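Next comes just one chain, in structure tokens: the form predicted on its own.
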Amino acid sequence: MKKLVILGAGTAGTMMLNKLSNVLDKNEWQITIVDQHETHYYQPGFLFIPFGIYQRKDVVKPKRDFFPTGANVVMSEIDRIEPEKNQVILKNNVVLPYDYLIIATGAQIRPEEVEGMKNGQWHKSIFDFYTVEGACALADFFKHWEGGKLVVHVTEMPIKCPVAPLEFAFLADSYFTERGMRDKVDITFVTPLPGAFTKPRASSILGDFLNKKNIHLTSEFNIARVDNEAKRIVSWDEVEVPFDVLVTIPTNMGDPAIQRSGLGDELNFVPTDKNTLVAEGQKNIFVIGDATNLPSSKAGSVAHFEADILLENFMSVVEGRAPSQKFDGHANCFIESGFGKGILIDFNYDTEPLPGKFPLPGVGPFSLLEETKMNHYGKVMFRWMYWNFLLKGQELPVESNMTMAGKRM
């Protein structure tokens, strides 16, 4: 019997488990999925928790609810992968041999990578919202905060969901306006990028939104340390940004098991062929989602688009053929802009976000690079789609690779 091991039961790993369980002969294949946590988090929902839109209960479900019947589930921390032996070693010293391996171990925040970030003020006046604990702590803080300098800060790229920090700033503007205290809150958006976003066209548009909302932009800021006593972040060239509350996106890194396996780059992301999703230097190891080092966004939509490509390439490899399907870096992001509106961008490795209609040309119902209420509804509706369709590996009416249909140059 052939053995397939999937490392990680987050979005990408769960999708691949469901897709492959539907196509691989159960009499010929044993599929094992490994994860150390029983709870699945809807991570896009973390954004809404600090503003009282969602609560913790709205973003968590048991992982086993989304596994197919009969799945071989191993709940354990991964120690390392030994690709030369085709085996995975778990922390409890259990050895899992494999014929094929899919790495879907995701990305994690590492606030300790920046001097002073996780010292005395962590979750007191310095918060993240990339964990449910950080988002909930920030929600409690905002309930009683009377105003001051709010700094939204990105440590370094890449990060999960690159638009999320901007969304946070936009929602903060909306939240404090609706509470009648926006004039008491000074919002600054601090980024290591030269502009508001990674793609120049979208960066220009999103930068205009920052201006319209009276959110100050500090770009090309490469943080060296956090001064907890003076409450300021300091760059390597000694630029200082003071804060009363710092909402930071810390360094994002891959799973430590990747480092222990000698398979990762300096951030523990796995070097991966950006088209075939095969791990570089390997023939029987595939990588998907946030665990890759691809120059695409680390986002749920990207993992979904990758999953369809990976399914085809996996089947080609196990049947003795070369992987022929090519992922083009397709990303699709709804951006909350506050006050019940949103923006939608659709792009890939080579094509900037363009205006137009999505997904139906000329019809939509969503508008690209425009702020509309329908785009906001799309963002909110996605949670239902995520739990009921995407995680279960079912098809969604969106092409895996980007299409130019409906877009205007």
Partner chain sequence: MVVATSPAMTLARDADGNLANRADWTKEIAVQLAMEEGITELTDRHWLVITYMKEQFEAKGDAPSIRKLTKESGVETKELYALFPKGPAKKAAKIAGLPKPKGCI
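Positions refer to the first chain, counted from 1. The structure presented is a predicted model; accordingly, all values stated were derived computationally and were not measured.
In what follows, reference is made to the form predicted in complex with its partner chain, a form of this protein that is not presented.
* Pro194: touches its partner chain in the predicted bound form, heavy atom cutoff 4.5 angstroms -> Output for Pro194 is yes: heavy atoms within 4.5 Å of its partner chain.
* Are any of the heavy atoms in Glu84 no more than 4.5 Å from a heavy atom of its partner chain in the predicted bound form? -> Judged by the heavy-atom cut-off of 4.5 Å, Glu84 is well away from its partner chain in the predicted bound form.
* Asked: Is there a heavy atom of Glu319 lying 4.5 Å or less from a heavy atom of its partner chain in the predicted bound form?
  -> Glu319: no contact with its partner chain in the predicted bound form.
* Can any non-hydrogen atom of Asn211 be found within 4.5 angstroms of its partner chain in the predicted bound form? -> Asn211 lies outside the contact set for its partner chain.
* Asked: Which one, Gln325, Ser76, Ser174, Thr198, lies within 4.5 Å of its partner chain in the predicted bound form by heavy atoms?
  -> Exactly one listed residue reaches within 4.5 Å, namely Thr198.
* **Candidate from Glu240, Asp140, Glu146, Glu266 lying within 4.5 Å of its partner chain in the predicted bound form - any heavy atom** => If I apply the 4.5 Å criterion carefully, the residue I get is Glu266.
* Heavy atom contact within 4.5 Å of its partner chain in the predicted bound form, the stretch among 115 to 123, 176 to 184, 214 to 222, 68 to 76 -> Every other range fails; the passing one is 214 to 222.
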